[in-house]
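Only one chain is shown below, in structure tokens, and it's the form predicted alone.
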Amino acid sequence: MSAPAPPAPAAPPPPKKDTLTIVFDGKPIEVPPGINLIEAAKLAGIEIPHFCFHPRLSVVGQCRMCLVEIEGIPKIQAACTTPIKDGLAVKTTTQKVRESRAANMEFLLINHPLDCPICDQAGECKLQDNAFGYGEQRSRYDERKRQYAGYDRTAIGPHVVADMTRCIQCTRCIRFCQEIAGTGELTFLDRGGRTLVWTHDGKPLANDWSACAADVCPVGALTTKEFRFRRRVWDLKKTPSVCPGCNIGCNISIEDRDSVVYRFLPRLNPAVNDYWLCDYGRFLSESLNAREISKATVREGSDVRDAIVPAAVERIASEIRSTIETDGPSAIFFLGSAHLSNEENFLLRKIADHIGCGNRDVVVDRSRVRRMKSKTEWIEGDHAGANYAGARDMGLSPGPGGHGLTDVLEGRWIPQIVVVADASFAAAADDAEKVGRLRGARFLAVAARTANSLTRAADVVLPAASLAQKEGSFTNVQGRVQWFQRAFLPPPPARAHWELLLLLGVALGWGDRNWTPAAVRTQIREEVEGYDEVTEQELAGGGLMKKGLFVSTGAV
């Protein structure tokens, strides 16, 4: 008799899941652990209305707008304070939920002024959105509304205006100042029905990120005075960009209308500035509207005359060619800028390479140390330009035997021709002594948008575009390459710096007039070490850390 067959091996245990299954309104979805029901619902395409919750602030469950039904729990629960677990079944559209939201909205609107037509928050107000989406379209309240005499339309800092008649006491601004800024200027005053948010002992809300308190305010209680009553937000076009203020490279949205920039807002990038933006960078928005150089000019002896851009570029190319013939390319100096994109600095370096010139450089002014909170850490930057690291990566440093800007400014070398790609490259451009050193050259050419000592001394001035009028990429202090897009075209005959440099390159026998910044980035990937993986897809997705991180200072 044969031996019995061995038992079949046990089935292997199922692989351990790294997600949790949550059922929203009968629809199961997989979500990562460590989030709350509001965030989980968003992944399912379901919006749970809320006021007090913010992804980067502590959870307080204060507004009671996010109530939902959970199977197995008799009372409705606040979604922001409910931790998730596997198999949780949540209902967001039941009669009980709808009635609770409507009742909550009714209470919030009892004392809220009906001033949406004149409120600067209209169009991006969560109270307005939730009142239309979840409230009753009628009011049963006919008593006198609560007023805060002396606490309405009042500046509480250099940038923020408060109006406590609109406050719903969600505490977002208080928590931002305590948990993110770490300065704690805001607090509750008084008690009960007279409670209001104000500054401690009347001290101003003056931290480096004070306008973020207005950003997190879901209503019109805190607004920024620089933008108040300038434009309705639904009129504004939003363009992804990068802050030009320093080398942290905060992601921003440029908001414009009719070729006028009205404001910068922070654009979410958890790896850089998360939801935040410092006041210094935010209020540089107005500087993009400055335009003092509107035509190309060419100096003939003591006379300065207007010229068309191609003719002015040809004048620069002619001077370069004649100098190469008489003194060689070593008599020419090219100066890039930390304010220009990687593409523009790359083009300048390629022009120098084409004529065999090793005299090229880029410098940046030092600013005070600026700090920005990413999702996981504080990032610091101390450059007054956004792209010094990228300009150096593109090859803008003296070649073997070449000269840099310091040699010129200290009088150790006098070039015959100086080509400055950005007339606002540093504070030295408005220093009479240093401009005099640059003017010691036989011929000085610059591209500029605003006038300064350097443009007034130049032989040729080309009208250039602002950050909002061109596209390109910057490399920040982390070594992260980030893309900024064009919001609108520059007014003719002004052109983007990369277009002006391409015109010069073509006039000197290099380059293709049909190249675009994307085509230049293709060359950068092929030629510049560390940039080979910085694809268009990566840039569109928020940027990529390049290999062989370059972190340096080049202050003058």
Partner chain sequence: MTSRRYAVLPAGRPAEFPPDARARIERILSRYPTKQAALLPVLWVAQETWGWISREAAEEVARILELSPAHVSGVLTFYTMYNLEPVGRHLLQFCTSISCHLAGAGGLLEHCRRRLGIDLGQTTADGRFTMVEVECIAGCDRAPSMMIDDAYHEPMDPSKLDALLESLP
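Residue numbers count along the first chain shown, from 1. Note that the structure is a prediction, hence the values are computed from the model and not measured.
Omitted from view is the form predicted together with its partner chain, to which the following refers.
What I'd like checked is whether Tyr151, Gly184 and Phe188 together line its partner chain in the predicted complex, meaning each has a non-hydrogen atom within 4.5 Å of it. Affirmative, all three are within 4.5 Å.
Looking at 189-197, 259-267, 477-485, 391-399, which stretch has residues with any non-hydrogen atom within 4.5 Å of its partner chain in the predicted complex? It is the stretch 189-197.
Of Lys203, Arg371, Lys295, Arg456, which residue is found within 4.5 angstroms of its partner chain in the predicted complex when only non-hydrogen atoms are counted? Selected residue: Lys203.
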